[in-house]
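Just the one chain here, the form predicted alone, laid out as structure tokens.
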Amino acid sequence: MKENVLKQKLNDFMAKVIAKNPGEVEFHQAVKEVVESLIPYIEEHPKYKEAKILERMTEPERTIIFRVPWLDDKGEIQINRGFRVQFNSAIGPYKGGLRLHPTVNLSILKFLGFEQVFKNSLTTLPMGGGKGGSDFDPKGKSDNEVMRFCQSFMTELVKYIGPDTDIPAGDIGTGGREIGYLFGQYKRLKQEFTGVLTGKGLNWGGSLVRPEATGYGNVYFANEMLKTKGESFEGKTVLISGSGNVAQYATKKATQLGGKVVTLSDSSGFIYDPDGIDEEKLEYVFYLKNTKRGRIKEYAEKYGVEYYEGQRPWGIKCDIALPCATQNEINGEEAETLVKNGCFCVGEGANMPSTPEAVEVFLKNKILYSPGKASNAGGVSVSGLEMTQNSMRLPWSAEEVDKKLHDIMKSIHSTCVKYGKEKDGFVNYLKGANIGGFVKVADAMLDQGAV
């Protein structure tokens, strides 16, 4: 009976969210995933219900949409759309990346911003949640075109951000080059040198270990999960999707811990290297993706391994899977295949890479499964540490930052266990991350009144 009542409450809540945010399917998915965990918890803690905390948390504090005109190399004017969704500032200034990709729309940025609130809360650092970006595609553009776009984008965004208000970072399509152009324009317009963006170059306020942080953090978190079963990466076969920043450093750290990474992918397909992607091969991936900006297929051609065009790697037999590409890249059928093939640990390095059906499969089979808001929080954690270094105007060594990152990931794991451990001893990391991230933000909102 109680289960039916809770289900009805969930359906009623989601009906209101969908009516208020029509057509925003990614946002609906992110909210539902969180609310499924939170409604039973809120029913047991009526102070959150009376203050309508959940209703307030699913409504961004501010949404900014703006026009971004820029001049291409042919002298033609191009027009893109810019966004910044400032979701929640209860525990600190808004913090979250800027995504540059043709698929960017309000639904995707609201899903990412909503997730960011919980993720940032879990890091233990004082950061609120936000997200932004544009439907601009940096691929195939010259450096000058990217620079002109970034300068136009920042000319409008500058009105809404600042080191104590909103500190954007990189994301898909926004790497060191783009952050540099954005920061240069901010500095020119504001006439000040402040830590308003993270992911900066080391010569001008960036932090060591920031490029590695999301990939390393994901592996650190997965290793903590493995320890609960007396396991480790040693001798395990690992599938990794993606071949960008997160995938590259997840491969590096998993290999250092004794794992054998056999796949990488991009939007065109995936490579399968049964001998493992060792240090030398990974160096080539760094060159291929970061300097040459080529396709992963070229790895298969260079090393004579199999390339699966238009496919994802989840049919390959493995022990551990680390999805590090993009949202909804593992569906229910692929999740079933992973479990059937012996995969017992899935650590999300991307944001929401598993569909609801896939998550259901992982939880039903009681494998080790961590949601992105917990296991990919390493990137924003080191962004937070970069903010601290900027405020002190003092850099830390790579060893110091890496130790702090490792400690943060251990702390996030402990929080997930605290709130996610069920009566039979199984740790539901999804539930643990959702409740653990919620409590800190919700209590801050209660303390600050109806804001």
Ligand code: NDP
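In case it trips you up, residue 1 is the first one in the sequence shown, and so on. Quick caveat: nothing in here was measured; it's all calculated off a predicted structure.
Although it is not shown, the form predicted in complex with this ligand is what the next lines describe.
Site residues 56, 64 and 84 are none of them in contact with this ligand in the predicted complex, judged by any heavy atom within 4.5 Å. Comment: this ligand is not present in this chain, but in the predicted complex one of 266, 334, 224, 166 has a heavy atom within 4.5 Å of it, namely 266. None of 148, 297, 187, 101 but one reaches within 4.5 angstroms of this ligand in the predicted complex through a heavy atom, and that residue is 101. In the predicted complex, this ligand lies farther than 4.5 Å from every heavy atom of residue 260. Though the partner is left out of this view, residue 351 does reach within 4.5 Å of this ligand in the predicted complex, counting heavy atoms only.
This ligand is not shown here, but in the predicted complex it comes within 4.5 Å of a heavy atom of residue 173. Although the partner is absent here, residue 243 is a contact residue: one of its heavy atoms lies within 4.5 angstroms of this ligand in the predicted complex. Note that among 210 to 218, 356 to 364, 121 to 129, 302 to 310, the stretch whose heavy atoms approach this ligand to within 4.5 Å in the predicted complex is 210 to 218. Along 293 to 328, a non-hydrogen atom within 4.5 Å of this ligand in the predicted complex is carried by 295, 324, 325, 326, in order along the sequence.
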